[in-house]
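Read the single chain below, which is given as structure tokens and is the form predicted alone.
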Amino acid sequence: MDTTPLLDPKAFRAALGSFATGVTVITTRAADGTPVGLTANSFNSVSLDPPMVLWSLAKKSLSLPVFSASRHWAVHVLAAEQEALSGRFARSGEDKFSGLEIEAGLGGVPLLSGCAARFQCRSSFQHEGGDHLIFVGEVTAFDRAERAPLVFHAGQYALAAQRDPRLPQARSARVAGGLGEDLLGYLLGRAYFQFHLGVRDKAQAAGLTEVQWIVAAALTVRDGVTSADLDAALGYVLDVPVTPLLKAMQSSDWVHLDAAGHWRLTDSGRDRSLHLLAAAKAHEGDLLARFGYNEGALLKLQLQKFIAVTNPGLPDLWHEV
């Protein structure tokens, strides 16, 4: 009698989820010419010589007959910004290729654009793997781009950041005898200051202080608000009353007060504000390019999570004004 204890499927799946994987979309073309594609994270390398890769597909998948009969298929390693593409190809019952930019690959296989890497493969053999069928193929062509990959971990999408060995280790307060260089408040404060150096100079050149620039930027999102609205939305950022700022901006034709007591950007103020916003986004892009798109996206994600979990009840900008 077999006395091997049965595995808890949910617990087993959760344990497997501890292993972070990339996310791929596998594509092929059916015998009638219909493009077929699906999301998979079972992709892996097999051999360098000859170059071979594998992936697996559940036997209950509706796409199994098409891939089983295909002589060619392609593996797309999705980039970090292609989460929506992963979701699209994970769903069934829709035209997954509609509106996408498609190239024709070897054997007529449809190729997606914007991926971190693509592998065009000729099917070599298939292997039984429990409730899945394993597809092994020889790579006949490939290409890659300097894009960070999309990662899947513990049932959720994630971002991977490379560790830079060149970065010095922060001196702790115990070693330095005072403020630790790894103190979060210090890191956030210094990052804020260094980011705003370029933005501050552009705002001052346009005749605005840093806090006035924040007000102008906020009004490009929602125009026609009261001083109380602005104080509620921006008070914890500005740390100064907003009315004196608005009156000073009014004298420089940035804003005006309408008959209902609402502050609005003038035509000139809106035009200048939008130019400053464009310059600020370009400045942000230049800074983030120094350590890569993925790290920048991860930084923003972590800051958003930090704000969410530490929020003492402060309002989000124009969320509920």
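Predicted model only: the values in this text are computed from it and were never measured. Residue positions are given as counts along the sequence shown, with the first one as 1.
Same protein, other form: the form predicted together with a small molecule, not shown, and the subject of what follows.
For the small molecule in the model of the complex, the listed stretch (194-202, 87-95, 211-219, 243-251) containing residues with heavy atoms inside 4.5 Å is 87-95. Of the residues Leu276, Val53, Ala40, Val255, just one reaches the small molecule in the model of the complex with a heavy atom at 4.5 Å or closer; this is Ala40. Although the partner is absent from this view, Phe152 contacts the small molecule in the model of the complex, with a non-hydrogen atom inside 4.5 angstroms. Using a 4.5 Å cutoff between non-hydrogen atoms, Leu62 counts as a contact of the small molecule in the model of the complex. Taking the partner from elsewhere, Ala58 is found to have a heavy atom lying within 4.5 Å of the small molecule in the model of the complex. A residue is said to contact a partner when one of its heavy atoms sits within 4.5 Å of a partner heavy atom; His132 meets this definition for the small molecule in the model of the complex.
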